[in-house]
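One chain comes next, on its own, written as structure tokens: the form predicted alone.
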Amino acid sequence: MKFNNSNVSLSPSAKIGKNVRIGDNTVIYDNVVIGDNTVICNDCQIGEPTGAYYKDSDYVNPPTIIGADCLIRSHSIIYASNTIGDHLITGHHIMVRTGNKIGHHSSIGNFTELHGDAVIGNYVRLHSNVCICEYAVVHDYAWIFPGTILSNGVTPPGNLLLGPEVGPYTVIAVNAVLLPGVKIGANCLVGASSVVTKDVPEFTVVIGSPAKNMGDIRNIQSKETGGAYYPWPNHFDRGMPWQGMDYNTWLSQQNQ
């Protein structure tokens, strides 16, 4: 473990792996576990206590687990009771409230917020200024672009909260809004500034407010080749586990 300076506040109950680097003015609270080779940059708060800390004299901070080989950039706040897989990369000023489960090799962009109890899969890309509501589910390899909001209040203000669900390999373009409880299937495309009010079947393009079915995503042509571009794994591999090889070859290997 390496501190960039002496201003780090590290709880005695925290468990820090090998070769972990912690930046200036960062606070690591009770019951935090940080995996090997992870970097926590300056001015972060990891394991931030829940609201019960301020009124319960017997408060015990729930465990917070951050995997190996992660990069948590400056001014990020990760509350207690989160479980984060290996190889997470964040931007600056993210906020991750309690109870989220985040898979491996995912990324969270600048100023993005996870409001709690969401499930984020592996290799998910959450870009900047994304708002993920409580109880949302985002499956593996989904892309959510800047300014998108996933909402859960069925009759706000109220107690009935239904998080949206985003299927694997689905792309949500900039400034889209997903209303409570909608389920978007695998390999879909939600157009920029669309408002999704109802479920979307797999391989579907929806655009507009309210979003309307515009057809099969597989009919969208590549600007480079003129052939079908989607499903996108056939044409894009940067940072993906099939990088440098054919996607279908990689997929067949996973199914063996």
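Note that residue numbering begins at 1 and tracks the sequence as displayed. For clarity, every value in this text was computed on a predicted model and none was experimentally measured.
What comes next is about the form predicted together with another copy of the chain, which does not appear here.
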Inset, instruction - Give a yes or no for Y247: in the predicted complex, does one of its heavy atoms lie within 4.5 Å of a heavy atom belonging to another copy of the chain? - result: no
Inset, instruction - Could you confirm whether D36 comes within 4.5 Å of another copy of the chain in the predicted complex, counting heavy atoms only? - result: no
Legend entry - another copy of the chain contact in the predicted complex: I220, any heavy atom under 4.5 Å: yes
Legend entry - Contact test in the predicted complex: G147 vs another copy of the chain, heavy atoms, 4.5 Å: yes
Inset, instruction - Enumerate the residues of 134-167 that have a non-hydrogen atom within 4.5 Å of another copy of the chain in the predicted complex, in sequence order, or give none. - result: W143, F145, P146, G147, I149, S151, V154, T155, P156, P157, G158, N159, L160
